[in-house]
Structures are given as structure tokens and as C-alpha cells.
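One chain follows as C-alpha cells, the form predicted alone.
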Amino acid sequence: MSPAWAVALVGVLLMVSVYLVAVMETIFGLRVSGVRGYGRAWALPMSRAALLLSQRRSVTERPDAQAWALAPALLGGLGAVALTAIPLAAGVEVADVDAGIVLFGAALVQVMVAVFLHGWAANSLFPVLGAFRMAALALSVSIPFSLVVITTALPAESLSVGLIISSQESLWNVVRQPLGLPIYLITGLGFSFWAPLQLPDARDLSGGTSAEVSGAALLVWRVARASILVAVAAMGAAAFLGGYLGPWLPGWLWMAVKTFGLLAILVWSGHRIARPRMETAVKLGWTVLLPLALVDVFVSGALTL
């Protein structure tokens, strides 16, 4: 695939997926609040985006303007890079990378840099606190995240995402490694700092790293954050649910169904699970998720042998 077509394809996929995430967020929000009229869910994201575009951008005293502008672009770029490593159907992939699972993991780990830059550049108290929260959260979930992602490569004996999908033709990895997918989804929520793990941008910090952001800049930041969530769901579908494998339907449709199914679970959890305290999230990563991820590695390795 030529670079121009690859960029266009990834851009279109991310825009459509981010819009559907916003629709899911609206539907679950209306359902939890008891408000009827789900038909509005398709239009509300567009009206909110138009409202943000009409607002003026706020400016703090002596911010690092270049870093402040770079952070959303870096975050969105990491979401796009993570998505390029995932085959969309049999023989349809943006980038044929032999170590695609490593590329994906590297992109997700760098999210911490983009979020920290976003909070630090504002030169304001709450955004800086949100930046340090992201550092603590990312360090707490990065090791279990990496362990369960790499473990999916054991049955395939390859780091290629395409070969990992092919190795699930007879049995999905979610069955081989039942601990892997739950750990992956929890840690993926941490990297995408999405509810209930939206600690870097939480309301108790008046928005955290986004506390001083408004207008189009805030819209771009939210779109970039949603792109990370989309990449997490897409890799979850590929690495644990067989990706494009499935009967009767075309491969690309199976990939879409599985991806948006995981997206619905992730978005739903933000409306049904309370946001934990920062210290609770850190303890969860080090004392619960990390030991369970090690168990997942040992069991999967033994079964593979």
C-alpha cells in the first residue's frame, strides 16, 4: 500500500471510529441518567464538536506554546501508528511489520510522554498534577500490559500481528489465555486514560491536563485520546479474538464487529464503574495485575510447550 493511501485509510478509519465512540459515550450516558431519546445520540457529538469549535482558546501565563500544540498531534499520531500494525482483513494491512506487536506496544507506552507534555506545557497547577498522575498510572500498568500482549505471540511463535491472528484459526487466544484479555482491557483503559481510569484528566483536578484547554484545542485532544482507545480495542480484537477470522461474514466485517464490541465494553465500563483513587489504581497495577500477568505468561508458556 502506498504511503498516501495508507495515511488516507488510517485517517478515515480513525475519524469514523472516534465518531462511533462519541455516539456510544452519549448512548450510555443517556441510559445511566435515565433520559430517553436515544435518536439524539447520533447528532449530539456533532453539536458538541461545533460548540467547541466556536469557543475561544484559553491561554495561561507563559506556557510552552510549541509543546502545548505538539502534545495533541503526538497523541493522535501514536494512535495512528498503533493502528497501522493491525491487519484489517486477510492480506489487507497498512504496514506489513514483522514485529507489529512490538510496534503497537511501543506506541502505547509513548502515550505517557504526550500526556505529560500536555500537562507540563500549560504552566498551571492542575495540568501538572494530571501529568504526574499519568506518569504514575502508565508505570503501574505498562509491565502487565506488555506481558499479556507479548504472551499472545507464543502460540504463533512470531511477533507479527498477522501470524498471531492466523494462529487462532482453531482456537482464539481468549480461550487459551483467559486472564489475558481482562488484564489487557484494564491496562488499555489506563493507557488511553479513559473512564474509569481517567485520572490524568479527572474532574477532581478540574480536568487535569485539560484544565486550561478549551475550544478547538480541547476537541483535538479528545479526538486524539479516543484514537488511542480505538487502537486498544482493535488490537484486543486481533490478538485475543481472532481478528478477521470467522464464518460467513467477510473478514473486514468480523474485524469491525469484534473491535466495536470491545469498544462498547470499554465505554460502558466508564459509566458503570466508579473512578478509583490514584493510590488505589497504582496498587491495582503492582499488586494485582502484575502477578496475574505473570501467571498468564507461565500458564501460556507451559501450554505452548
Partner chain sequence: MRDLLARLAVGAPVPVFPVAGGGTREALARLRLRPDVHLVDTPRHAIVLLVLGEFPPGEIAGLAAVHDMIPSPRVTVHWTPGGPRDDVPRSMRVDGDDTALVAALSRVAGEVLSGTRASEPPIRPDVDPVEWRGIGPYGHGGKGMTGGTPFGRPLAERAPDRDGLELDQLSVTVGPWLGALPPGLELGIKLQGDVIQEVEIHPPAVTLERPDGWVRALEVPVPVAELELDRARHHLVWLGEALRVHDLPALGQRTLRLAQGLTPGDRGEVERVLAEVRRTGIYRLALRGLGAVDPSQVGGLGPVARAAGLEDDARLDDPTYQELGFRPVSHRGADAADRWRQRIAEITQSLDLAGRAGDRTAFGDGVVEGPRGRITSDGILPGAVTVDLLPELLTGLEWGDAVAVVWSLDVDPTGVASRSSPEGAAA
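Numbering follows the first chain given and starts at 1. Just so you know, these numbers come straight off a predicted model, no measurement behind them.
Note that the form predicted in complex with its partner chain isn't included here; everything after this is about it.
Undergrad: If you check 253, 46, 69, 264 against its partner chain in the model of the complex, which one has a heavy atom within 4.5 Å?
TA: Of the candidates 253, 46, 69, 264, 46 is the one lying within 4.5 Å of its partner chain in the model of the complex.
Undergrad: If we take heavy atoms and a 4.5 Å cut-off, which stretch out of 227-235, 166-174, 179-187, 122-130 is in contact with its partner chain in the model of the complex?
TA: Partner-contacting stretch among the options: 122-130.
Undergrad: How about residue 218: is it within 4.5 Å of its partner chain in the model of the complex, going by heavy atoms?
TA: Flag for residue 218 set to yes.
Undergrad: Can you check whether residue 273 is within 4.5 Å of its partner chain in the model of the complex, heavy atom basis?
TA: The answer is yes: residue 273 has a heavy atom within 4.5 Å of its partner chain.
Undergrad: Decide whether residue 93 counts as a contact residue for its partner chain in the model of the complex under a heavy atom distance cut-off of 4.5 Å.
TA: Judged by the heavy-atom cut-off of 4.5 Å, residue 93 is well away from its partner chain in the model of the complex.
Undergrad: Does residue 29 reach its partner chain in the model of the complex if we count a contact as any heavy atom within 4.5 Å?
TA: Residue 29 belongs to the contact set for its partner chain.
Undergrad: Quick one: which residues from 201-223 get a non-hydrogen atom within 4.5 Å of its partner chain in the model of the complex?
TA: Going through 201-223 in order - heavy atoms within 4.5 Å of its partner chain in the model of the complex - the hits are 202, 203, 204, 205, 206, 210, 211, 212, 213, 214, 218, 222.
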